[in-house]
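Below you'll find only one chain, the form predicted on its own, shown as structure tokens.
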Amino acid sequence: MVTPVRKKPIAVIGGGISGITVALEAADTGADVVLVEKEPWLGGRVFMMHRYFPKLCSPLCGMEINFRRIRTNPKIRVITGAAVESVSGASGDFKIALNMAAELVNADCTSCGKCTAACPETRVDDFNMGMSETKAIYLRHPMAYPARYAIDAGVCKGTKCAKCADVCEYGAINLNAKVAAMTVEASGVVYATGWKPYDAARIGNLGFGKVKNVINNLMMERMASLSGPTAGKIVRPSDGKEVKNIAFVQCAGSRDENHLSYCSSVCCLASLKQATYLRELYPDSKATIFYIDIRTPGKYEAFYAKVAKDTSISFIKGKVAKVAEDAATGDVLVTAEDIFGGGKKSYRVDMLVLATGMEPNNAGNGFPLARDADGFIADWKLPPGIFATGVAKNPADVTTSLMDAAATAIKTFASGGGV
């Protein structure tokens, strides 16, 4: 095989686990890579996870290794705070126009934290799914990369306050910085734009946003994490009470023509691992999982069997019809069918977790990308030099996304971007 002669780098749009993997694998094959992320940091949604299934290990160790590989690889250029405005050109000669957020905090930042201590303004913490607050100048996660603070320009008072800039000993804060434009040239483009959780508030009968102690599965992940809003304690949002009796609703909006018609493939496994979070934290707790089908294909069947052996975890086949709140206690009242047990039954739990599905990030990111009926990128319809990977093209777990990203890196490099 003749190694392609490449004059321009590969551009990877999206700095989550799939985009990072494409960048690393492509760079290891000899390609130059530009990794573009719209947020101030890399990592995507993987950092929101407490543990991976089936081994129940933390994602932090793997991400630390990836960040070290990026830092020490001269073939990878990272651009954060960059939204893609347009992609033009053809295979071997693409031009990617970026809208760069104002660099209010530059690379001289040492993450000392003095700016946060001085800042008087607060913001809702989207990383913790709205369950906590940060200051207007903040670090999303203790392992954030690049390791520098960012400023929420929608909340910060700028030069009218400037307390953060006053205490910064390194001159890393410039509140007069302006937005800018940048153009990146590339031989090929990989879309690794990821996913977002389906908005559970759209599912009227399940109580999200109305019943205080109903949360979604990402909120559960953040709650269980030591870096989360409750420092790893699984407690009720309404009153901070330890959760000893929890229920999970599978296919919350999924496999439903009114919401998401497809199965997101990971929700059953996510609820299984989250049930173990509670059982490990509170040995006297119990969990109930309402399901249509438990889908744990292939190698994950053993994980399901292991969790199912726990007699304090119950599985009820049937759809949840109604969710209400006991105003006096804050308990969640669940009405659901029990197909094997017969008829409609009522349940009282401390907290209810909705296993919401994956939705593709719908932004076209500057190129009229072909999409399938569910809104994911139809990679088989993409023109030469354009690729998609991970959950940008179909729902998948982390392991599957990693394998797909590695394969995409090889395809992108082998194509030579048309050069």
Partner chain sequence: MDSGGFIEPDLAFIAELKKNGGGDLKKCYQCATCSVVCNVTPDDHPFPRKEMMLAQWGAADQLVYSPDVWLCHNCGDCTANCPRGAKPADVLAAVRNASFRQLAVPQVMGSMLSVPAWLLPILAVPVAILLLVLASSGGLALPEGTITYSKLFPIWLIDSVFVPVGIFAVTASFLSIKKFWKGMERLSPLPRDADMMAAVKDTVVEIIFHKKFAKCEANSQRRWGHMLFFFGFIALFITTNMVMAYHYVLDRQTPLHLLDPVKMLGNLGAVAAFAGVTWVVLRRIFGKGETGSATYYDWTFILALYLTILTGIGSELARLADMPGMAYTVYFMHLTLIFFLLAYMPFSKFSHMMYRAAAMVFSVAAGRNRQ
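Predicted model only: the values in this text are computed from it and were never measured. Residue numbers count along the first chain shown, from 1.
Not pictured, yet referred to below: the form predicted in complex with the partner chain.
Work out which of E325, E85, D256, D93 lies within 4.5 Å of the partner chain in the predicted bound form, going by heavy atoms.
-> So the residue touching the partner chain in the predicted bound form, by this definition, is D256.
Sole residue of L175, I292, I79, M182 within 4.5 Å of the partner chain in the predicted bound form, by heavy atom = So the residue touching the partner chain in the predicted bound form, by this definition, is I292.
The partner chain contact at K319 in the predicted bound form, heavy atom, 4.5 Å | K319: yes, in contact with the partner chain in the predicted bound form.
Given that the partner is absent here, does S111 sit within 4.5 Å of the partner chain in the predicted bound form, heavy atoms only?
-> Because no heavy atom of S111 falls inside 4.5 Å of the partner chain in the predicted bound form, the answer is no.
In the predicted bound form, E337 touching the partner chain (heavy atom, 4.5 Å) = Within the cut-off, so yes.
Do T72 and the partner chain come within 4.5 Å of each other in the predicted bound form, heavy atoms counted?
-> T72: no contact with the partner chain in the predicted bound form.
Contact stretch among 231 to 239, 215 to 223, 256 to 264, 144 to 152 - heavy atom within 4.5 Å of the partner chain in the predicted bound form = Looking at the other structure, the answer is 256 to 264.
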